[in-house]
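This document starts with one chain, in the form predicted on its own, laid out as structure tokens.
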């Protein structure tokens, strides 16, 4: 218990190592920090690169899609919906669990993972 308290007090007085997340979307209250960075008075750590095979937002290429509906059948979250009129799919990011089943099963690779991971928004669609 004493070691934990020692570590806690030591960390309280150290400078933060992490950036404000995400710096480009920071509220106006941290504008002073961003201005200090611009003037060279403060430093932001560079972003960590996205690892290989990262499962980010799914990109859908309508032109490649053949309308086979395999992605619709394997999606456990019902994030992929078939549009019979267009013979294409509609992908709902807000439902997706990023399991990758639709990406793996697509025979023409019209569904792919991107490096995008900042998906929070005020609207669910």
Partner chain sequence: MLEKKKDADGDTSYSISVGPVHPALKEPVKLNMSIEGEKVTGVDFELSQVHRGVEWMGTRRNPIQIMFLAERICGICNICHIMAFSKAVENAAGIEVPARASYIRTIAAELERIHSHVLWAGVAAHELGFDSVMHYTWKLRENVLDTIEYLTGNRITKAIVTIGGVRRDIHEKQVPRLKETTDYYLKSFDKLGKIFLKDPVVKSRCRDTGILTKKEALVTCAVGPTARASGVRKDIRVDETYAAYPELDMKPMMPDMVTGETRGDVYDRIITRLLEVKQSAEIINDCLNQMPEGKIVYEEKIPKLLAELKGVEGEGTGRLEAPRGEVFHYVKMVGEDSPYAWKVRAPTYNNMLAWVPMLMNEQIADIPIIAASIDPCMSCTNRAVVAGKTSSILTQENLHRLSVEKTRKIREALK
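Please read all numbers here as calculations on a predicted model, not as lab measurements. Throughout, rigid core stands for the largest set of C-alpha atoms superposing within 1.5 Å between the two forms. Positions refer to the first chain, counted from 1.
What comes next is about the form predicted in complex with the partner chain, which is not displayed.
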Residue 14: touches the partner chain in the model of the complex, heavy atom cutoff 4.5 angstroms
yes
Would you check, heavy atoms only and a 4.5 Å threshold, whether residue 64 touches the partner chain in the model of the complex? no
Taking heavy atoms and a 4.5 Å cut-off, does residue 112 contact the partner chain in the model of the complex?
-> no
### Query
Does the partner chain get within 4.5 angstroms of any non-hydrogen atom of residue 108 in the model of the complex?
no
Near the partner chain in the model of the complex, with a heavy atom at 4.5 Å or closer, the residues from 91 to 123 are 97, 98, 99, 100, 101, 104, 105, 113
Superpose the two forms on their rigid core, then report whether the C-alpha of residue 109 is displaced by 2 angstroms or more between the shown form and the other one.
no
